[in-house]
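Next up: a single chain in structure tokens, the form predicted on its own.
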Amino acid sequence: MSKQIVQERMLIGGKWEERGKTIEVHDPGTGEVIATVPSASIHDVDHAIERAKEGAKISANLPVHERMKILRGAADWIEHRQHLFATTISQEGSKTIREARKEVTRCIETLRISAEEARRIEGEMIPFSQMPGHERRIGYVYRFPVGVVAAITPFNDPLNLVAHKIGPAIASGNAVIVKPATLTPLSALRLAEAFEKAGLPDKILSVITGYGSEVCDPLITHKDVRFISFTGGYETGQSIIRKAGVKKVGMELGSNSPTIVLEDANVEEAVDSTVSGAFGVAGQNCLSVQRLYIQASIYSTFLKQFVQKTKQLKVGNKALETTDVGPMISIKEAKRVEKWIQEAAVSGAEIVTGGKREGTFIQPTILTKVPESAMIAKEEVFGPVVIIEPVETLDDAIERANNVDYGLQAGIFTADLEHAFEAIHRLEVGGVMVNDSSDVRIDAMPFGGIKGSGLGREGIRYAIEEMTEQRVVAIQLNKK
């Protein structure tokens, strides 16, 4: 007996819509079709924007306590249905069920932080009397919502990264149109349902499912879309910036995150942290540890322990509680990672362990002696692969860590505060994690990078700043 495929609808301005043309959603681990979603058209985008323009007015006029109530209500709805949300994340994406549960917990936290930050959208006083002739003026800065926000989200965190767009947008009084990743749209649709159940007025939120090549350009180029929040690859981000025109953009793009381990570090803790940071979500994480620089005096000890711990990881069925590493998101991506590994090996790299592919599954892979000219050393691999190299000094490690076009986050393990602060000041990244791997994030912190890793910062309060415009108000008092 064949399993019935769920036919999902998309949300356009508060209305759930079906379309004759659909897109299949697959479980990347099995290849099984688990659902279909509507394939949106340019006309759907135009309709969503028109409704969002009306929704922006409604949202801007919502009292702060109403925004807070809606955000908390959506969080509560998800909290009472954690199994449904975790199962959805795991089925449509790469995460194991344990990883999916963590994402659900973080989503709940993201929405509750958004509710709290809604009450803290503040301006500042401007002392006009600093300028002669302005003694009787008083002034301040007021923050207003930008209006319509477009949010384009990736596959690797299909629930929480959507919440990081919707939560701040609603908290700051905007309307928002979400284009989730084509491969993982179901979690975003579940989140939209949570907001509907929480009482979000119609027209404020749309979730458009479809192919990015068909719907993204009309969304990002439309004059009434005033802010674009994008999380994804560097080349796509660069294309969006070229096409968007004069409007605000926030970009969280690629990475190639380094972690440094010095000889005075706790090796066992460093190994535990970096193995998790390298292979969690099958390495499909913007903060994933991709390059490890180990001081030469402890290199052999570190590498031996790292290999042992890596070989203990269980790869396979995402639904099993014992599974540590799931599949790549698609066969195309798995083949790309396999190709990069093979190219590195041909150029002189040593495959210490792993390197094999079976369908969408890539064995956790450790490489050494990788030429810096190799693709896998320069670009974001976004797969379960880590490069481990010895370095003589901290200077050498920092120089090599900075020798890429990305700069999202980095980690350093050391017991020496001077070494830690030298790394903090010299590493060209958006965040430095001391005695942790690069793979550290809480949802309240400012998150983003420099160089090819993006523009602006996420993290609820910081996203709210991006999604609002400053307006100066000056009041001249009557002369006595």
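Don't overthink the numbering: it's just position in the shown sequence, from 1. Note that the coordinates shown come from a computational prediction; the quantities given were computed from them, not determined experimentally.
Unshown form predicted together with a small molecule; subsequent notes refer to it.
Partner proximity in the predicted bound form, defined as non-hydrogen atoms within 4.5 angstroms of the small molecule, places exactly one of 98 to 106, 128 to 136, 70 to 78, 374 to 382 at the interface: 374 to 382.
The contact residue chosen from 270, 176, 253, 367 relative to the small molecule in the predicted bound form is 253, the criterion being a non-hydrogen atom within 4.5 angstroms. Between the small molecule and the residues 147, 354, 154, 201, the one pair within 4.5 Å by heavy atoms in the predicted bound form involves 154. Under a 4.5 angstroms non-hydrogen atom cutoff, the small molecule in the predicted bound form lacks residue 390 among its neighbouring residues. In the predicted bound form, the small molecule sits beyond 4.5 Å of every heavy atom of residue 294. Contact between residue 398 and the small molecule in the predicted bound form is not found at the 4.5 Å heavy atom cutoff. Contact annotation for residue 230: at least one heavy atom lies within 4.5 Å of the small molecule in the predicted bound form.
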